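Each of the two blocks below gives one form of the same protein chain as structure tokens; they are labelled structure 1 and structure 2.
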Structure 1
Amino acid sequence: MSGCEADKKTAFSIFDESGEICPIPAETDYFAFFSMPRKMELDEFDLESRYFKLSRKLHPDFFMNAPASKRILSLEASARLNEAYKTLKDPIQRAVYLVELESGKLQENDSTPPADMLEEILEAQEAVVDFKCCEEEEQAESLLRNLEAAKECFEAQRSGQRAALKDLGERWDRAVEAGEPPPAEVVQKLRSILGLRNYIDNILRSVQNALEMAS
């Protein structure tokens, strides 16, 4: 099996036996690109080392005098390399990417918040709007306290999400290490948590901006 024909689920060699850059199939995933397992927890130093090693070999400066076809392959491979590294080095982006590999694309707000969370989000949004429009000092102080409480509440929820992601990620990795697919229950729970993350991030950003106005 040549380097260009390697099993894309485990590895993909960017260079063939003669050292020439291989075209990278669209279906080649980022983990195969770095010859790393599809795990939630990665050795970040190892990932970085592999990235810089490949980056040096693929740098377009080395192909300035090469035929146009080789220059194009270098540019395309460098772009894919940078995209892959940017995704895998961030734990949340890596988790999203893995879940999407297993179960399809996640939309920005893929899950509907539970009723109690949705109510809290709507109340916080209303407090933000009221605070920005408020001209009465006493009412503004009351709204400010509400915003501070909302910030604390949503930060606690985000911490809870991170703890859940860590636990589910460990279960995912144990399955991979055992040569098994990630459990469907784990994939679904991760999908739900990751699908809700933008709701909390967005409302926290709005609350924080309003609090900064008051400082």
Structure 2
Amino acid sequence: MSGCEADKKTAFSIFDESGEICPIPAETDYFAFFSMPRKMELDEFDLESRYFKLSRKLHPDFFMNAPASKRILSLEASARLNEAYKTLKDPIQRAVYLVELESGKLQENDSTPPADMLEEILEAQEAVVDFKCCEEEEQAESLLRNLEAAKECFEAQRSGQRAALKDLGERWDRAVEAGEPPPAEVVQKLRSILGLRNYIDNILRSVQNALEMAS
């Protein structure tokens, strides 16, 4: 156990010096888990190879003959590892995780959606419902055009947000590389954009689903 304590202060390690699996401290974040810097941009191949390496060490299959306490530790560590990998490999999930790690949970008041955005979403959803129940061909065609236009519009919004996120991510990383905290303005903008992602994702999913039914 002493090995674990020492490691906690320097680098995070799952194994102590005698090679025994240790409990993972609760405060260990996903970046520390992979010994990677807390940056927005991340080499996904590097992450993957670290993930595989850790998986091979932690997998419960290797602890079949170990005492129960060690078996449980391996299960817990593997679950945590999978969750960490899933979160960090997706750029959006990674951004949400990192922003929340540095500046607290995203909240409702982080982002006020642009005045028209919510109305546009409701209109698009109405078109989806109408289209699904529509039996008249001419009307269906006009609704289909509405849906295609809505899809294009929301996709444009989404790519605009992605581009803004990339830009803000680069500014974040530059600060981290310089050993400084990310500028407050960058953090606030990131929080605001990330707070809108679910609206756009949901409506696009719904519109796409209706369009797929049509084709």
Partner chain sequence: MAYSDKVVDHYNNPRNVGSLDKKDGSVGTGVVGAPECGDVMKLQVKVSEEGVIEDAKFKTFGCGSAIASSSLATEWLKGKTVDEAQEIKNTQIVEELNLPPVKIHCSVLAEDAIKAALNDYREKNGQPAVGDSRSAV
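Note that this is a predicted model, so its numbers are computed, not measured. By rigid core we mean the largest C-alpha set that fits within 1.5 Å across both forms. Every residue number counts along structure 1's sequence, beginning with 1.
Between 1 and 2, where do we have the form predicted in complex with its partner chain? That would be structure 2, which is the form predicted in complex with its partner chain.
For a quick test of reading the superposition: does Glu141 move by 2 Å or more at the CA between structures 1 and 2, rigid core aligned? Yes, the C-alpha moves 2 Å or more.
Give the C-alpha shift of Lys132 between structures 1 and 2, in Å, after superposing the two forms on their rigid core. Its C-alpha shift, to one decimal, is 4.1 Å.
How much does the C-alpha of Ser206 shift between structures 1 and 2, in angstrom, given a rigid core superposition? Core-aligned C-alpha shift comes out at 2.6 Å.
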